[in-house]
Each structure stands twice: as structure tokens, then as C-alpha cells.
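Okay, so we've got a single protein chain in two different forms coming up as C-alpha cells, structure 1 first and structure 2 after it.
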Structure 1
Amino acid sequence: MNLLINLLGLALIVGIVWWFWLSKRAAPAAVAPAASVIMVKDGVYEPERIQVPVHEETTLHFLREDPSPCAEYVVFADLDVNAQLAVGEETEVKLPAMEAGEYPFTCQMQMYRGTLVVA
């Protein structure tokens, strides 16, 4: 019994490390087009990876359903862009032309996390 619980505990640790770090890096989530409506709800942006064209201005569409103040702003720290999101209504966020690469976007507190894939 003791051995079983210890093994279970170790398996849990391995599972946490694998799920939250290793598998995430190995297989990033599917990339959605820039025209998608990004839902802001339950602590996640959905879709969370958005593909935008390189060297082109882009408009993203956010639909915030989480009324908590955590979700009020979306911040693109690398681009110096942020926007206040209306509750229950679509908010457009205009982004400048970008070089190829990945740019994170988050809420103010960095609890909501998403990634712009510029390619």
C-alpha cells in the first residue's frame, strides 16, 4: 500500500511536469486565423494561439464574457498595445505590422495568456 501511494505521488509529479511543460512545448495548440472571435471566459482566451500575417496591420476580435476585472484589459506588452474589453460585446483591437515571431498577449495580471503567431 505504501509503495502504491508513493508511486502514485511520483506519477502525479511526472504527470504535472509532462502536461504543463513538456507536452505543451512539444505540441503547441492549434493556430486559429486572425478573423476568429477570441472568447475571454473562464480564465482562458479561446482560441489562444492566433496566426496573423507578417508585416501587415491586423485587427483582432475579442468577445469578453468574464465580468471579473481580471479580464478587463488585454495587453500586448511587446507591442505596447492594450485595449479595454467591453463585457458581452465584441471589441476590435488593432495591431501594427509585425516581424515574424511569437508575441504573447495577456490580461493585466497575466492569468489569461495567449500567443500571436506572426508568420
Structure 2
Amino acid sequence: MNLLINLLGLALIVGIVWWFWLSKRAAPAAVAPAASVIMVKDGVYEPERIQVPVHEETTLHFLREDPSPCAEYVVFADLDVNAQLAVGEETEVKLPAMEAGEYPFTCQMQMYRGTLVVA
């Protein structure tokens, strides 16, 4: 009985690690403009791909509906920018001018994931 419980626990751990860190989600064809509000709810950023213009400072707007502690911060590690998101309030996140490319953004635990497309 203990062996069965241990195997089920191990399978659950492997599943969680795969889902949050190892799985590659298909990139959606459409990229939302920076003017849209980024919803933080149900374990995802919606939209998860945001396009901004190259070499221009940008302000993104996040609306956090998920009260879980994981959703409390948004982190742009490559840009050294992070912001605390209040539940039920729109939060502005100012980003510096950037070179063309893709910049990931996550929660502090890297479970919520999104991509900033600079083009």
C-alpha cells in the first residue's frame, strides 16, 4: 500500500513539473497589442503574447483577478523589471525601450508565463 501511495505521489510531482516548467505551449498566431489589458487569472496571462514597438518605452496594464500568492508579482527578468499586482486593480508596468526580439515575463514562481514580442 505504501508503495502505491509513493508511486502516485511521484507521478503527481512529475506531472506538475512537466505542466508548469517543461511543456511547450503552442504559440498563438495572433499577438495582442500593448494597449490591451493583460488579465491575470486561472493560472495564465491573457493574452500571453503582447506586441510592442521596437526602441520605444512601453506601459503595459495588468489586471489581477487571481488572489493566489503566485500571481502577486509579474517579472520581466531580462529587463530587470518587476511589479506587484494588487487584486482587482489595474497596475501599470513601465518598460524601457528595447531591441527587437522576444522577452519572457512570468510570476515570481515562473508558473504564469507570457511573451513580450518587440517588433
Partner chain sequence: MVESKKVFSLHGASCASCVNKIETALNQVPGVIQARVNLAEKTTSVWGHVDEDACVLAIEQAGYGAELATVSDRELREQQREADQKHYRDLLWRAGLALALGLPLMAWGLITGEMSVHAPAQQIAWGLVGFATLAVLIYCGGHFFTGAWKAFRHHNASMDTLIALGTGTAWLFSMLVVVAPQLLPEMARHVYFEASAMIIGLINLGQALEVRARGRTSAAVEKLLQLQEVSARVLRNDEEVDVPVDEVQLGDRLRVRPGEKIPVDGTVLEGSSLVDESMLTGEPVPVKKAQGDFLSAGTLNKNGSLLFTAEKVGSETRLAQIIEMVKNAQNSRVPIARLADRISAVFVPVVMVIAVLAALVWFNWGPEPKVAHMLVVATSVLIIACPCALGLATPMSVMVGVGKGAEHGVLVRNGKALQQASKLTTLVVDKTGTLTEGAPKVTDLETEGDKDELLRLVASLEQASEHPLAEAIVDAAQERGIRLSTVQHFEAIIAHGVRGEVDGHKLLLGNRKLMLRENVDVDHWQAAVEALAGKGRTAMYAAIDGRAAGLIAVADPLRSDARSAIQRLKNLGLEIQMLTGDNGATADAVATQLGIDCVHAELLPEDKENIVADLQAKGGHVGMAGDGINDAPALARAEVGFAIGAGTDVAIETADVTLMRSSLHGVADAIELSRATLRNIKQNLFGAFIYNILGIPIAAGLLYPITGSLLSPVIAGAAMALSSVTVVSNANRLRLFKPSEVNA
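C-alpha atoms forming the largest set that superposes within 1.5 Å between two forms make up the rigid core. Just so we're clear, the structure is a prediction, and the values are computed from it rather than from any experiment. For numbering, take structure 1's sequence and count from 1.
task: Give me a 1 or a 2 for the form predicted in complex with its partner chain.
output: Structure 1 is the one predicted in complex with its partner chain.
message: Could you state, for a rigid core superposition, the Cα shift of Leu7 between the two structures in Å?
response: Comparing the two forms, Leu7 shifts 23.3 Å at C-alpha.
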